[in-house]
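To begin, one chain is listed below as structure tokens, in the form predicted alone.
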């Protein structure tokens, strides 16, 4: 085995593919230098990453807020956040109270309860988010529905990297891959960033083979809207996009936000906290690190939307929408999921606008 591959810590569990030489020769230390929650310079950033590689103590292991952004900041594809998460687990550094961590782990445990549509070779994945059962309707999805799957048996479990629990993912994700394989599907359109990233980023990073094609629903939406182009009527509103932490694990899909907005005639405002500089919704921060950090991040984020004249806030993740919708509405901005915004563009009445 390549001696630069960092081994897992529990028996013969899968191994994180991480090349320490890429960190040693990194000219920027961008993974930590760009971090919005830890303040370090280039030299210190490289020093701290080398400590983490060696299994030594580091300020990063104490101060990381699990925003995932360093996965995107590293342009060398070396998975700094996955390493940070694994090292935290090695050292028993909890990111949330033990009871909360255990509660979340229990929620995602496979229990033999799931829901399947009329399975075809192409299917929609709803992961373990029931909201998609109501959201995915109308002409946008008529070529694939009702072929879908939903439930713990098909839940990616990526959320547990927030909780420094890589071992849970290593244990469960191969079973999820096998469960999807048994459905006979050849192509899966994932309706959540973390689910898509599980099979295109995290699984490959830990040496797991994925026997089906993974498609992000942004790509699906864009292509479907192209097919319905003659029916599109420009929506004509100014919007801010709330980028979720999970999209940091699949940054290659982020360009579709702007592509879709242009296609449906929406003005995506140019604001401070967007793209690589996006701020999290704050829900994980509130649970793990207290109200002060969560409120500060939410306040700056919403103030930025208001200052740049956004009429709508477009959501990708229902977790973000649950965390911010009420506060955004109080400031005169309408919350809406990107699927409903696209439905508006083809003349359909969204059912979840403003919720």
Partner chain sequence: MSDINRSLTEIVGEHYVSNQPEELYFYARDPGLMPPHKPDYVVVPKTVEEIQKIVRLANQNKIPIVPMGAGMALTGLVIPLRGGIVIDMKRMNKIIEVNEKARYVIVEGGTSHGLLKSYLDKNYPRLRHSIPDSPATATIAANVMIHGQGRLTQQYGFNSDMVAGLEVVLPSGDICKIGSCSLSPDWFSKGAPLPDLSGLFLGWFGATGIITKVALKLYPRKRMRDVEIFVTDRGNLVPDIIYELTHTEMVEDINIFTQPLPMIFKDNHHITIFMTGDTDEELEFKKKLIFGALDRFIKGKDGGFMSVGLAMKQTLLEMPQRSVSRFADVKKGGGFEYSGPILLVERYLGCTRKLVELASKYDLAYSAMARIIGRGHCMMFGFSFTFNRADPDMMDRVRKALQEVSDYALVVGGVFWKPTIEEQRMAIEKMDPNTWNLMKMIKKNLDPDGIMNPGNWEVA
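Positions refer to the first chain, counted from 1. Bear in mind the structure is a predicted one, so any value in this text is a computation, not a measurement.
Absent from the display: the form predicted in complex with the partner chain. The rest refers to it.
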Open item on the list: At 4.5 Å between heavy atoms, only one of the stretches 93-101, 266-274, 154-162, 220-228 reaches the partner chain in the predicted bound form; which one is it?
Closed with: 93-101
Open item on the list: Even though the partner isn't displayed, in the predicted bound form is residue 252 close enough to the partner chain, meaning a heavy atom within 4.5 Å?
Closed with: no
TODO: Give a yes/no on whether residue 292 approaches the partner chain to within 4.5 Å in the predicted bound form, heavy atoms considered.
DONE: yes
- [ ] Give a yes/no on whether residue 326 approaches the partner chain to within 4.5 Å in the predicted bound form, heavy atoms considered.
- [x] yes
Open item on the list: Please determine whether residue 210 contacts the partner chain in the predicted bound form, using a 4.5 Å cut-off between heavy atoms.
Closed with: no
- [ ] Would you check whether the partner chain, in the predicted bound form, lies within 4.5 angstroms of a non-hydrogen atom from each of 63, 243 and 304?
- [x] no
Task: in the predicted bound form, the one of 121, 258, 178, 109 near the partner chain [non-hydrogen atom within 4.5 angstroms] - done: 109
Open item on the list: Quick check on this chain: which one of 311, 56, 47, 322 has a heavy atom within 4.5 Å of the partner chain in the predicted bound form?
Closed with: 322
